[in-house]
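Encoded as structure tokens, the following chain is the form predicted alone, with no partner shown.
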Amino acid sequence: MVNYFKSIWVGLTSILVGMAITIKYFFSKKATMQYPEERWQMPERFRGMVKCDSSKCISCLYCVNICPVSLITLESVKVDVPAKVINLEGKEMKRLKDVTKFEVDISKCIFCGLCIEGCPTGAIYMSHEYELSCYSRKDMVYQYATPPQVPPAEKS
């Protein structure tokens, strides 16, 4: 008879413990998010998609050579009049080449950040974009420089 009431007591206490845990989580902050209506706020040092400001690029090829997976393709042409670019230390540099092609194949990227660390002008940076999925591999190649437009030949 004692074991009967003891088992009822154990059953009731376990139910109360379970209900206490349920009530605790019912009033606590939610861990899930209603995606895509709500989005995560990324930390400041988050490494998202690699982007480039081609107007700052001096075509030093550091990023191309340091990348362990060769995801960056860079082409440039010499310019007659060098443009002035401010580097990360605030010093003025001459840009002797214009970038005609700057492609980043994000499907190869391992988000190591080596390309960013050595860029003297800060032209390459990692954004906070984390939605990188797409339907085609071609869509994973991003171009950040537009080739110069050749004026059409005049007809005489």
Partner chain sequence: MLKEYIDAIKSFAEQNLPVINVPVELWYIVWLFIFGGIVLGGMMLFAGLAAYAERRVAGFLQSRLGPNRVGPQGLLQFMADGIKLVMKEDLIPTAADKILFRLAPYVLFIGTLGIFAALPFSKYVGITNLNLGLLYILAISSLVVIGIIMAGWSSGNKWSLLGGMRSAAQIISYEIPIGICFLTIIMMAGTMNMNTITELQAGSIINWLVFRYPPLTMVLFLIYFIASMAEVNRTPFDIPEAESEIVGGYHTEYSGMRFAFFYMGEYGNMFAVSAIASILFLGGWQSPLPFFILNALFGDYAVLTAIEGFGWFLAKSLALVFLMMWLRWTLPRYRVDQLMTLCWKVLLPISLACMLIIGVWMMI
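Since this is a predicted model, take the numbers as computed values, not measurements. Take the two forms, find the largest set of C-alpha atoms that superpose within 1.5 Å, and that set is the rigid core. Residue numbers count along the first chain shown, from 1.
The form predicted together with the partner chain is left out here; the points below concern that form.
- Looking at 123-131, 31-39, 92-100, 52-60, the stretch with residues near the partner chain in the predicted complex, meaning non-hydrogen atoms within 4.5 angstroms, turns out to be 31-39.
- At least one heavy atom of residue 22 is located within 4.5 Å of the partner chain in the predicted complex.
- Put simply, residue 12 is close to the partner chain in the predicted complex: some heavy atom of it is within 4.5 Å.
- Within this chain, residue 111 is remote from the site of the partner chain in the predicted complex, having no heavy atom within 4.5 Å.
- Proximity of residue 8 to the partner chain in the predicted complex falls within the 4.5 Å heavy atom cutoff.
- Contact with the partner chain in the predicted complex holds for none of 118, 135 and 142, as no heavy atom of theirs lies within 4.5 Å.
- Relative to the superposed core, residue 22 undergoes a C-alpha shift of no less than 2 Å between the shown form and the other one.
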